[in-house]
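This document opens with one chain alone, in structure tokens, the form predicted on its own.
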Amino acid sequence: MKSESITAFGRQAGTIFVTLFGLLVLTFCIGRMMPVDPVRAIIGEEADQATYQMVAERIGANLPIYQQFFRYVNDLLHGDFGTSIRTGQPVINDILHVMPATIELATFAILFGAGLGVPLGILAAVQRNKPVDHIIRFLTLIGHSMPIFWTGMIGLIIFYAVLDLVGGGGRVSDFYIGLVPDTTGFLLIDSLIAGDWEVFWDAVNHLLLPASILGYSSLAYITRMTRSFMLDQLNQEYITTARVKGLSKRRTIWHHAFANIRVQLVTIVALAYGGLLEGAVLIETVFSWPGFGQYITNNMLIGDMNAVMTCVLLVGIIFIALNLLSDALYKIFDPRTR
């Protein structure tokens, strides 16, 4: 048993290593295939050839491609992700500064999406081909079909400009910017630590609309997948047997059918959360949300490849981590996988 555990661990570690190496190669190739001269991006178009050569030697752009790759990997292993051309700061510091805003947005979005999506999916499966099922399927179809940037703009027009029910762009109103010390980077937590309830509720007011719209897209996906999983379980013979033996419909659904789809839902929700973290580019642009998505967009526009390559690498690492978390949760929800 112990040797089997060691073998399984070694296999998993090997898979992670190969995946990370492949991710490094992919990230490096993306950076080199982009039609952007990294040297010109630093020194500008008007610099002379001597300056160009000096900077090229300093950043290794004049080396053969394989040496550039080894230098890139060596820098990463030493924690050097390069310096952003746009901000002049180490890229990792920039990302640590903007990432809390995106995590805050994506976390509330996935709570909204999964918190409503799973019950709605179960309800749709139980009420299959009935009016409730048709309504839920129609709403999820809309969530899949509408571009998120369009939904965001319509939401701003209706709920902010017309009804004045929520805050506008940004994480907080201009009046409250800088009033709360940046302790953790998470504005809601920092405002609670500072005991400033005005900033807290203003931040919540600004978070509601973008998180709901971002969560609506994940809600549509989670609802449809939950419905599909539940329909598969409800058609199994053990459900019929449980009903014949006198178990209530509620107990059959939640204690038997739902228990058997929890493992599948863990993967669906984890991947949806990862998608929200790296896919919040459009919603952050529409709402002027100073997060990871807006950071990578701004740097792509000016050809800041150090920042872009690090962001791509980080997205891959996030998905690897979420898959590892899913594997760990499998063992909690399904003892047969231990």
Partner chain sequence: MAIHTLNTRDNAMPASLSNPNSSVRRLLAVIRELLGNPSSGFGLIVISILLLTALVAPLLAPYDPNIVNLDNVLQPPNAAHWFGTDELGRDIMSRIIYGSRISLTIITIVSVIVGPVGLLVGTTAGYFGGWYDTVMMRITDIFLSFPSLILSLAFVAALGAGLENAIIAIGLTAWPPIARLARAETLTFRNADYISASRMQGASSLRIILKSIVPMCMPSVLVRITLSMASVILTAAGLGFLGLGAQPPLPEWGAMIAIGRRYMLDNWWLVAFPGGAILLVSLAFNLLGDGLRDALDPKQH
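Numbering follows the first chain given and starts at 1. Everything numeric here is computed off the predicted structure, so don't read it as measured data.
What comes next is about the form predicted together with its partner chain, which is not displayed.
Asks: Based on heavy atom distances of at most 4.5 Å to its partner chain in the predicted bound form, which listed stretch, 155-163, 92-100, 116-124, 245-253, is the contact stretch?
Replies: Only one stretch qualifies here: 155-163.
Asks: For its partner chain, considered in the predicted bound form: do all three of Val39, Gly88 and Phe186 come within 4.5 Å of it, counting heavy atoms only?
Replies: Heavy-atom distance to its partner chain in the predicted bound form: none of the three under 4.5 Å.
Asks: Counting any non-hydrogen atom inside 4.5 Å, which residue from Met54, Leu63, Ala47, Leu26 sits next to its partner chain in the predicted bound form?
Replies: Spelling it out, the residue with a heavy atom inside the cut-off is Leu26.
Asks: Sort through Lys130, His144, Arg262, Arg71 and report the residue having a heavy atom within 4.5 Å of its partner chain in the predicted bound form.
Replies: Among Lys130, His144, Arg262, Arg71, a heavy atom within 4.5 Å of its partner chain in the predicted bound form occurs only for His144.
Asks: In the predicted bound form, does Ile43 have a heavy atom within 4.5 Å of its partner chain?
Replies: Output for Ile43 is no: heavy atoms all beyond 4.5 Å of its partner chain.
Asks: In the predicted bound form, is there a heavy atom of its partner chain that lies within 4.5 Å of any heavy atom of Ala272, even though the partner is absent here?
Replies: No, Ala272 stays farther than 4.5 Å from its partner chain in the predicted bound form.
Asks: Is it the case that Ile296, even though its partner is missing from this view, gets within 4.5 Å of its partner chain in the predicted bound form, heavy atoms only?
Replies: The answer is yes: Ile296 has a heavy atom within 4.5 Å of its partner chain.
Asks: Quick one: does Leu277 come within 4.5 Å of its partner chain in the predicted bound form, counting heavy atoms only?
Replies: Close contact exists here: in the predicted bound form, Leu277 approaches its partner chain to within 4.5 Å, heavy atoms only.
Asks: Which residues in 293-321 have a heavy atom within 4.5 Å of its partner chain in the predicted bound form?
Replies: Those in contact are Ile296, Thr297, Met300, Leu301, Val312, Val315, Gly316, Phe319, Ile320.
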